[in-house]
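Next comes just one chain, in structure tokens: the form predicted on its own.
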């Protein structure tokens, strides 16, 4: 059979060969979905999150937040070699296109895993998220991330639908300076006010919370945050998301 096919190739007209090759070649779509397959290889199909818990969901996050994080990885404020090498040759304008692509994906979230932390730890986590701890100068997470914890447009992410391991690792990175943002770096200051036990409590409680019916970031917060964050403002000279 193989010999007959080779003999056919030798005598077939060029246009027949071209047609056969065109049909066999995989179709390439010049779309952002096609170009961002390198992203979804780690962050899961359509950016819904990787299976290991360390690659977070990026679909549906506010465009300004995603854009800021792409800039932070490329420019050295966040440290992960694979991301830095992937983004290093890309322009601001192209990073903005990537951010806007994933921000526009309105996809359902997976159900959270059941809570395994002790009730006292979950209670402490809920108190920090909802009320903060004024005695230790810790504002409530809801002040910036919204009462539903789904984030606020254009630059503040939601905190639900993230794994406990990822939340722990990111709060730890803020505390140690491995993750930074434009000044004033509010999250670094807040994270340093949290004890390791508080970090674990916040991560445990957030990771166990169900998603509300509407998972989109709110357009505006009901009241201005009590703390100023450089990561929630457009960096100077950057295009507006």
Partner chain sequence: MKRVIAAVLLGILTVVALVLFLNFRGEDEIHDAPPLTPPAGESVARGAYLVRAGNCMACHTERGGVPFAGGRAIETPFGTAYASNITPDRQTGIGDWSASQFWRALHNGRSRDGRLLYPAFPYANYTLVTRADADAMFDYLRSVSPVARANTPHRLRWPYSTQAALAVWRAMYFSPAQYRDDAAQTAEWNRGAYLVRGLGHCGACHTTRNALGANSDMLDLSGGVIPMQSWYAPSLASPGEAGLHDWETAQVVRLLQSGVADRGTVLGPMAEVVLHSTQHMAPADLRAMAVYLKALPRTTAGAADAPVAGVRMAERGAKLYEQHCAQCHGDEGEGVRGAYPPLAGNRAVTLPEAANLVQVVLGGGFPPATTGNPRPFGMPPFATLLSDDDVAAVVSHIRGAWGNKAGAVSEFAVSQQRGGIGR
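Positions refer to the first chain, counted from 1. None of these values were measured; they are calculated from a predicted model.
Although not depicted, the form predicted together with its partner chain is the subject of the following passage.
A.B. asks: Note which of 84, 110, 118, 105 lies within 4.5 Å of its partner chain in the predicted complex, where distance is taken over heavy atoms; exactly one does.
C.D. replies: Exactly one residue meets the criterion: 84.
A.B. asks: Based on heavy atom distances of 4.5 Å or less, which listed stretch (183-191, 168-176, 66-74, 204-212) is in contact with its partner chain in the predicted complex?
C.D. replies: Only one stretch qualifies here: 66-74.
A.B. asks: For the spot marked by 30, 37 and 91, is every residue within 4.5 Å of its partner chain in the predicted complex through some heavy atom?
C.D. replies: Yes, the whole trio is in contact, each within 4.5 Å by some heavy atom.
A.B. asks: So in the predicted complex, is its partner chain close enough to residue 196 to count as touching (4.5 Å, heavy atoms)?
C.D. replies: Close contact is absent here: in the predicted complex, residue 196 is far from its partner chain, nothing within 4.5 Å, heavy atoms only.
A.B. asks: Even though its partner chain is not shown here, does residue 133 get within 4.5 Å of it in the predicted complex, heavy atoms only?
C.D. replies: No, no contact at 4.5 Å.
A.B. asks: Closest heavy atom of residue 200 to its partner chain in the predicted complex, within 4.5 Å or not?
C.D. replies: Answer no; every heavy atom of residue 200 is more than 4.5 Å from its partner chain in the predicted complex.
A.B. asks: Are any of the heavy atoms in residue 97 no more than 4.5 Å from a heavy atom of its partner chain in the predicted complex?
C.D. replies: Yes, residue 97 lies within 4.5 Å of its partner chain in the predicted complex.
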